[in-house]
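This document opens with one chain alone, in structure tokens, the form predicted alone.
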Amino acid sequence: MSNGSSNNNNTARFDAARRVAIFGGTHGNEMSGVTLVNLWMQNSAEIQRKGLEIKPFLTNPKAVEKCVRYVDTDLNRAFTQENLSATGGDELPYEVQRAQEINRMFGPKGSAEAYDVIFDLHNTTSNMGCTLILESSKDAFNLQMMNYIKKAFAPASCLVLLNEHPLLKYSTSRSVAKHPVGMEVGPQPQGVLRSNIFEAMRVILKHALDFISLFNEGMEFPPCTVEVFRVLERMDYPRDANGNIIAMVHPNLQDCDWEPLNPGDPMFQTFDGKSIHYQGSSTVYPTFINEAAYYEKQQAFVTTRRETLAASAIGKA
């Protein structure tokens, strides 16, 4: 699929999206994606669409087997050019070897041969609800897809997190595709399957595949706007000189993903009950609040800013 070229009526033209992958188990203890991909590998009737090659794929089988996030290193941060071109074979960390294998199968990253779309299915322990992750504000195809999903999923909420930040760019497994789409659905504990979370993920993916199918059949999508939450910064827990955490997420903030955090609002609470307040200069919208997997990454939550993005009309080339 091309990156889109505009014609005279400002419609961005894309090649048909023929090859789509659905990744589950990029983190081996996030059970909705693991379970859905395992189901679809046994019987893919539910995800088949005419003229589409759809491949459900278990991304990190060793981590899935052990029901851990990863074995040696986080696979969802492993797709750097350095890792993808590293030599060393079996001496390399398992997830780096796996990243090279995935890049060969679904990439190469950044090439014309790469898969058109990769959906990467994740769960979060945070109270984020249903969230789509967009990696580029310039990707009209993904913006239109997310607009379609949000409308089809209504009245239930499906938010869009824009992870477009020069210093916080993740080298994700889905970044191999021309159009990478992340999905976070929570709250769900690690290693646990919750029916409501599982079903929400399944429905979102159905709408996403419907959109691609309609696009391939020649449907034109008019210009639209999409509300997104743009990642600003990672906030760590307060720590002592030895790096030990000395305060928790404040009860007023806990489970309040996507809700406004204003300057002066309580953010953390020390173990003796004192509040630590947000010192920023403007209102932000925190998410990934108290995510279990991010303690090792020294992250209590990320702050975001609400924005509205305009997407051009799109149609098939």
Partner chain sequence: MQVDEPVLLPRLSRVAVCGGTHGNELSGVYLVREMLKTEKRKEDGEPASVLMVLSNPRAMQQCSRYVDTDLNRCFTHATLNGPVSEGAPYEIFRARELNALLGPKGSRAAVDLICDLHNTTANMGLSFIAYSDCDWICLHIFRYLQMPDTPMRFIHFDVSTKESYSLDSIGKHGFAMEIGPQPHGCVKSNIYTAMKEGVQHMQDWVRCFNSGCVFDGGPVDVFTMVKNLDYPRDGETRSITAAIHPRLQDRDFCLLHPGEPLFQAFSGETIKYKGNEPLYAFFINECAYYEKGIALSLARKKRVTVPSIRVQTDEEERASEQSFASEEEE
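Numbering follows the first chain given and starts at 1. Bear in mind the structure is a predicted one, so any value in this text is a computation, not a measurement.
Below, we refer to the form predicted in complex with its partner chain, which is not included among the displayed structures.
- In the predicted complex, its partner chain sits beyond 4.5 Å of every heavy atom of residue 52.
- Contact annotation for residue 255: at least one heavy atom lies within 4.5 Å of its partner chain in the predicted complex.
- At a distance threshold of 4.5 angstroms between non-hydrogen atoms, residue 202 is in contact with its partner chain in the predicted complex.
- Remark: residue 138 does not count among the residues lining its partner chain in the predicted complex, judged by a heavy atom distance of 4.5 Å or less.
- When you look in the predicted complex, the only residue of 86, 105, 193, 219 with a non-hydrogen atom within 4.5 Å of its partner chain is 193.
- Heavy atoms of every residue among 35, 245 and 290 are located within 4.5 Å of its partner chain in the predicted complex.
- The chain is drawn here without its partner chain; in the predicted complex, the stretch among 76-84, 145-153, 92-100, 193-201 whose residues come within 4.5 Å of it by any heavy atom is 193-201.
- Heavy atoms closer than or equal to 4.5 Å to its partner chain in the predicted complex belong, across 24-51, to the residues 35, 39, 42, ordered by sequence position.
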